[in-house]
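The chain below stands alone, shown as structure tokens; this is the form predicted on its own.
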Amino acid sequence: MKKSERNEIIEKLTQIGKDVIQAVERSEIPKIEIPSRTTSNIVYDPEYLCYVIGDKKVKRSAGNIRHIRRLAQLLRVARFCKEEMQKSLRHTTKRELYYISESWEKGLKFDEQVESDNIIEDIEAMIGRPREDFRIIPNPRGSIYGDITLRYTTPKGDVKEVNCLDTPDGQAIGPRISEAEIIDCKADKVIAIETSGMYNRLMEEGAYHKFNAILVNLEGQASRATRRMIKRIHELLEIPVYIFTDGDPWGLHIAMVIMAGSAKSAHINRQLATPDAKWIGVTASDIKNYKLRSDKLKEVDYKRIKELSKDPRYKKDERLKKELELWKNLGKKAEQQALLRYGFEYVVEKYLPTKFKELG
């Protein structure tokens, strides 16, 4: 992160406290406004092609006895994040923050982690930045493999460089890697893969070389750090992103979260979503055309198809609408690995080249 960005975040965190102090100095009851994260205030933005937070706000006032404790806790968390950004390079997990509150002033510690998690999301919404930017991080999940060289700063403050071809299992994607400087890249596309098994298969079959691609292991639903990494590579290098998932409505939605964000992250989707990314499959059509081994859809799968069919992100895409309808009629789902019925090399030698041609 650039120094100017860090200073901007520190100033925004500081301003939360300043607003309260200034209200007291004016002999007013302190209160803060927070963008509402309820489903009624999550709207689809056709310009950014993702869900965003609407204009509704919720107020927390020191004049309401039910608000006082949570208001004080929010101020304490903002102060903690500000101080850590000013004096160290440390990162804190959400779980650690919950336990750190045990040392805070009387009445400020959290009874359950859900309380501290909600306040972290409140601060994200207030300053318009993901929690990773003010050093509250999730556990790392996901990895990247390919001819891309990254420069990052270690926890000790040392500046290092890594080429992601030099890591045997791929470079893990954590908060420092997701924001690392990209100093060189020979690849001309990104292939994001849902399962670790297929990611390993593409590594071993040389997909990174054959397609001149960066391979990203999503490990299921992509973490925010992984989505941020994908977006930065796409925008900074101006190369296309393709998403390769299991052949079921859940896999399709994993792709959609990369493309258009999630409802839960609506307040920061603009920093995470990659609208130009394309879903490779496995599609419902693939199950039929490639005669893949499949399982019957369960009631929960049909329910998911119904939910996605009502989602505006799918309504505007004829290809996705067609695949959802075919899934419903076909009643089948398949895993990525079902393509291995044709051999280890088939995905790299036949399936992916055909898909890239179809998707242009």
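The term rigid core refers to the maximal set of C-alpha atoms that superpose within 1.5 Å between the two forms. For every residue, the number given is its place in the sequence shown, counted from 1. Keep in mind the model is a prediction, meaning the values are calculated, not measured.
Not on display, but discussed next: the form predicted in complex with another copy of the chain.
(request) Answer yes or no: in the model of the complex, does another copy of the chain come within 4.5 Å of a heavy atom in every one of Ile137, Thr195 and Phe344? (result) Yes, the whole trio is in contact, each within 4.5 Å by some heavy atom.
(request) Counting only non-hydrogen atoms, choose the one of 174-182, 279-287, 266-274, 124-132 that falls within 4.5 Å of another copy of the chain in the model of the complex. (result) Result for this chain: 174-182.
(message) Please identify the residue among Asp311, Asp301, Asp45, Glu335 with any heavy atom within 4.5 Å of another copy of the chain in the model of the complex.
(response) Checking each option against another copy of the chain in the model of the complex, the one that comes within 4.5 Å is Glu335.
(message) Considering non-hydrogen atoms and a 4.5 Å limit, does another copy of the chain approach Met203 in the model of the complex?
(response) Residue-level check for Met203: yes, a contact with another copy of the chain.
(message) Residue-level contact is defined here as any heavy atom of the residue lying within 4.5 Å of another copy of the chain in the model of the complex; does Lys156 satisfy this criterion?
(response) Lys156 belongs to the contact set for another copy of the chain.
(request) Using the partner position in the model of the complex, report whether Leu236 sits within 4.5 Å of another copy of the chain, counting heavy atoms only. (result) Result no; Leu236 lies far from another copy of the chain in the model of the complex.
(request) Using a 4.5 Å heavy atom cut-off, state whether Arg79 contacts another copy of the chain in the model of the complex. (result) Output for Arg79 is no: heavy atoms all beyond 4.5 Å of another copy of the chain.
(message) Do any residues of 86-119 have a non-hydrogen atom within 4.5 angstroms of another copy of the chain in the model of the complex? If so, which ones, in sequence order?
(response) Heavy-atom contacts to another copy of the chain in the model of the complex: Leu89, Arg90, His91, Thr92, Thr93, Arg95, Glu96, Tyr98, Tyr99, Ile100, Glu102, Ser103, Lys109, Phe110, Asp111.
(request) Look at Ala172 and decide if its Cα position differs by 2 Å or more between the shown form and the other one after superposing on the rigid core. (result) Comparing the forms between the shown form and the other one, which are aligned on their rigid core, Ala172 does not shift its C-alpha by 2 Å or more.
(message) Rigid core aligned, does the Cα position of Lys109 differ by 2 Å or more between the shown form and the other one?
(response) Yes, because once the rigid core is superposed, the C-alpha of Lys109 moves 2 Å or more between the shown form and the other one.
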